[in-house]
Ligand SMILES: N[C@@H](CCC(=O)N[C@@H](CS)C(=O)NCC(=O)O)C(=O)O
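The data below hold one chain only, encoded as C-alpha cells and taken in the form predicted alone.
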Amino acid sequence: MYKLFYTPGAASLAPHAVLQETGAPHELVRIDLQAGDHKRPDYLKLNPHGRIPTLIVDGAPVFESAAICMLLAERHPEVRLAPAPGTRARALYLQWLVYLTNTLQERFLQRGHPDWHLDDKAAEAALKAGAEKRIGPMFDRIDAALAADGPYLAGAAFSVADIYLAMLVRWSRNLPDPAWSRPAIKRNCDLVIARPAFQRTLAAEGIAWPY
C-alpha cells in the first residue's frame, strides 16, 4: 500500500497517474495549499521542503515528482513504464525525463512562483516574464524530437516520461501558445490521456483535460 500526498493538478499529477498505471493499492491524501497544509509540522516531517508530492513507500517518505515516477516504474517492472537499461530507448527516456523536471518544470516554477526565487517585486516580474518567454521554445524542441522519433519520448514505447510531459502540457493551458498547439506534442498527449489509468487519475482529482 502506497500513500500519495497530492494536490489536484499539481506536480503530484504525474506520480498519481503512474500509480494508477501500476494498479498497486494506494491511498490519496489531499493537501490544501491555500489552507497551508504543506507547511504544517506533520507534513514537514515527511517533506521538509513543504512541497507536493510526497509518497510513502514501505513506511518511509520519498519526495520529488520525477524521482517518485522513476521509483514506481522500477518497483513495478511488469507494467513496463520504463525502457530496458542499456538501450537507446532508455537513454532517451532518462534524457527527456530529466529535461522535463530540471529545465522545463523549473521555468514553470519561475513563472508561477517567482517569489520562491527572489524578494524584489520588480525582479520577480522580470523573472516571470523571462521564464514565460523561454517555455515556448522548450516545447518546440520537444515537439521536433517527437516528430522525428516519436510518437513517445523514448521512441516507440510509452514510458513515465510521457506522463510527465502530459502534466507539464496541462500547465501550459494559460499560456498564449499552449503546448498542444504543436502537432507532435498533441499526438503524444492524446495517446497518454486516452489511457484508462490517466482517465482514472483525472477523475480522482476532479480535474478536466484542457483541450
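Throughout, we count residues from 1 along the sequence that is shown. Since the structure is predicted, the reported quantities are computational estimates derived from the model, not experimental observations.
Unshown form predicted together with the ligand; subsequent notes refer to it.
Engineer: Determine which one of 145-153, 178-186, 22-30, 163-171 lies within 4.5 Å of the ligand in the predicted bound form, judging by heavy atom distances; exactly one does.
Structural biologist: Checking each option against the 4.5 Å cut-off leaves 163-171.
Engineer: Between R141, K133, H113, R88, only one gets a heavy atom within 4.5 angstroms of the ligand in the predicted bound form; which residue is that?
Structural biologist: In short, H113.
Engineer: Just to confirm, L191 within 4.5 Å of the ligand in the predicted bound form by heavy atoms?
Structural biologist: L191: no contact with the ligand in the predicted bound form.
Engineer: Counting only non-hydrogen atoms and a 4.5 angstroms cut-off, does Q95 reach the ligand in the predicted bound form?
Structural biologist: Q95 lies outside the contact set for the ligand.
Engineer: Can I52 be called a contact residue for the ligand in the predicted bound form at 4.5 Å between heavy atoms?
Structural biologist: Output for I52 is yes: heavy atoms within 4.5 Å of the ligand.
Engineer: Consider A10 of the chain shown here, and say whether it contacts the ligand in the predicted bound form, taking contact as heavy atoms within 4.5 Å.
Structural biologist: Looking in the predicted bound form, residue contacts with the ligand include A10, since a heavy atom lies within 4.5 Å.
Engineer: On the criterion of a non-hydrogen atom at 4.5 angstroms or closer, are A73, R195 and Q199 all touching the ligand in the predicted bound form?
Structural biologist: No, because A73, R195 and Q199 lack any heavy atom that approaches the ligand to within 4.5 Å in the predicted bound form.
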